[in-house]
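Consider the single chain below, provided in structure tokens and representing the form predicted alone.
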């Protein structure tokens, strides 16, 4: 596996406060990696170290094959970033902003113009290209900021809370455009967020960080599977109170809720399967219409990890 980012025991302290505590991460090249955690968890500190803007107290970080402490300038040349501030000049038009930053990146005039038009089209901003950035909606300005970060075709893109403060429609539009462009250009994306819907929709893998410690890493599906005990929903005709109580007392059942007259939702004990409960219902005269496993949400997994850390 080609690795775009690798950290080993990465640590950063600010006086007595340890913002990062022996963080180990691996981000595959070409993937979208979500770094999840509440405010103050260490997400922005990690990005600043990876970009060489902040020195670690201990451990190491390698980005695109470069050491983040020694080769920071080379990392920033090869990467794009949208951090706390959009970095957009409000008196310039959308097109002029990209032209200005294209000059900073050293792109030739013809390439600057073509790339700016390409990105404005990709983010649905072509019709607004001559409008001053200050007159654009917040969602459009954020799209322009990401276009600015991608102007020089970076191999790696850092995004720090890119949809924070956007309304649901603007956030969804930004996510769709970003996902399409990232896949098209095969850029690795390192995304910090506490928006779990965003992480679920965008990310190939995620890591949950809390108080500077990485609590879990895996795909969204893998983290969901860790979210407590297995749960199942059973719909059956002939389900009366006595039979519901009998199921609730079954040794494989940790908790049972009768959510409708004909529906039971069960939390099974670790390692238990629903087949013995279904067999019991059939033996007692119930007619099974449906047995369905309930998939835990990423939110449930995240909250469980954060609560356990507390």
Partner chain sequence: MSFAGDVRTVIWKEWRELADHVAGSRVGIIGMVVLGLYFGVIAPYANGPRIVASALAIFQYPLLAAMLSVQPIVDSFAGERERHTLETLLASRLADRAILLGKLLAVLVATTGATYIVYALALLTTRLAHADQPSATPPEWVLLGVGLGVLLVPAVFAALGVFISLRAATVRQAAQTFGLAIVGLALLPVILGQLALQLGSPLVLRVSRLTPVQLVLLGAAALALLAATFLAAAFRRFRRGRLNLD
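Everything quoted here is computed from the prediction, not taken from an experiment. Residue numbers count along the first chain shown, from 1.
Keep in mind that the form predicted together with the partner chain is not shown, yet the notes after this line are about it.
> Taking the partner chain in the predicted complex as the reference, which of 177, 198, 99, 161 has a non-hydrogen atom within 4.5 Å?
Flagged contact: 99.
> Pick from 92, 213, 237, 221: which has a non-hydrogen atom within 4.5 Å of the partner chain in the predicted complex?
Exactly one listed residue reaches within 4.5 Å, namely 92.
> If you check in the predicted complex, do 55, 77 and 86 all have a non-hydrogen atom within 4.5 Å of the partner chain?
Every residue of the spot touches the partner chain in the predicted complex.
> With heavy atoms only and a cut-off of 4.5 Å, decide whether residue 268 touches the partner chain in the predicted complex.
No, no contact at 4.5 Å.
> Is residue 113 a contact residue for the partner chain in the predicted complex, using a 4.5 Å heavy atom cut-off?
No, residue 113 is distant from the partner.
> Please check if residue 51 has a heavy atom lying within 4.5 Å of any heavy atom of the partner chain in the predicted complex.
Output for residue 51 is yes: heavy atoms within 4.5 Å of the partner chain.
> Is residue 138 close enough to the partner chain in the predicted complex to count, meaning some heavy atom within 4.5 Å?
No, residue 138 is distant from the partner.
> Spot the stretch among 26-34, 58-66, 246-254, 43-51 with residues whose non-hydrogen atoms come within 4.5 Å of the partner chain in the predicted complex.
Among the candidates, contact is made by 43-51.
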